[in-house]
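Form predicted on its own, single chain, as structure tokens, below.
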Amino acid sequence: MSSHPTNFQGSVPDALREAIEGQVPDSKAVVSGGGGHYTIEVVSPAFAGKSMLESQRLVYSAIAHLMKGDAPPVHAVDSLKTRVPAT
């Protein structure tokens, strides 16, 4: 992974997971990666009946604050998978 300059303090994967789980109802997020590039998988019943794009927009809106500014901790989401829980 390449180095990505940021002034963010703390664990970026934890911040992403907490932001997603805090805003997407009943969600469980798994985040991996580093250097500004992350892979995210989210499972939530909130995605039921939504298109893939609608589901991904929910996640992106939850993490938008981590992607803004001159030196954001998140430069790119390389992979974003959303799904509803298995029943």
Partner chain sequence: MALSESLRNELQSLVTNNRVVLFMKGTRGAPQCGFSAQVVQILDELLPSYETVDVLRSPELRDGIKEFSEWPTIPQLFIDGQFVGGCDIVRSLNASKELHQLLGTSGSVPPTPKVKVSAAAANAFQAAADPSGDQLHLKIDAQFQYDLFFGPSEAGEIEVPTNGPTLWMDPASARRADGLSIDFVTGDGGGFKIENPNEPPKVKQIAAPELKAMLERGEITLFDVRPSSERDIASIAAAHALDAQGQALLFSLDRGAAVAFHCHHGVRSQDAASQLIGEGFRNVYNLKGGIDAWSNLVDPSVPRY
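Owing to the predicted nature of the structure, the values given are computational and were not obtained by experimental measurement. Numbering follows the first chain given and starts at 1.
Not on display, but discussed next: the form predicted together with the partner chain.
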request  = Can you work out whether the partner chain is within 4.5 angstroms of a heavy atom in all three of Phe8, Ala15 and Val31 in the model of the complex?
outcome  = no
ask   = Does any heavy atom of Gln23 come within 4.5 Å of a heavy atom of the partner chain in the model of the complex?
value = no
message = Check Met52 for me: does it contact the partner chain in the model of the complex (non-hydrogen atoms, 4.5 angstroms)?
response = yes
query = Does Met67 reach the partner chain in the model of the complex if we count a contact as any heavy atom within 4.5 Å?
reply = yes
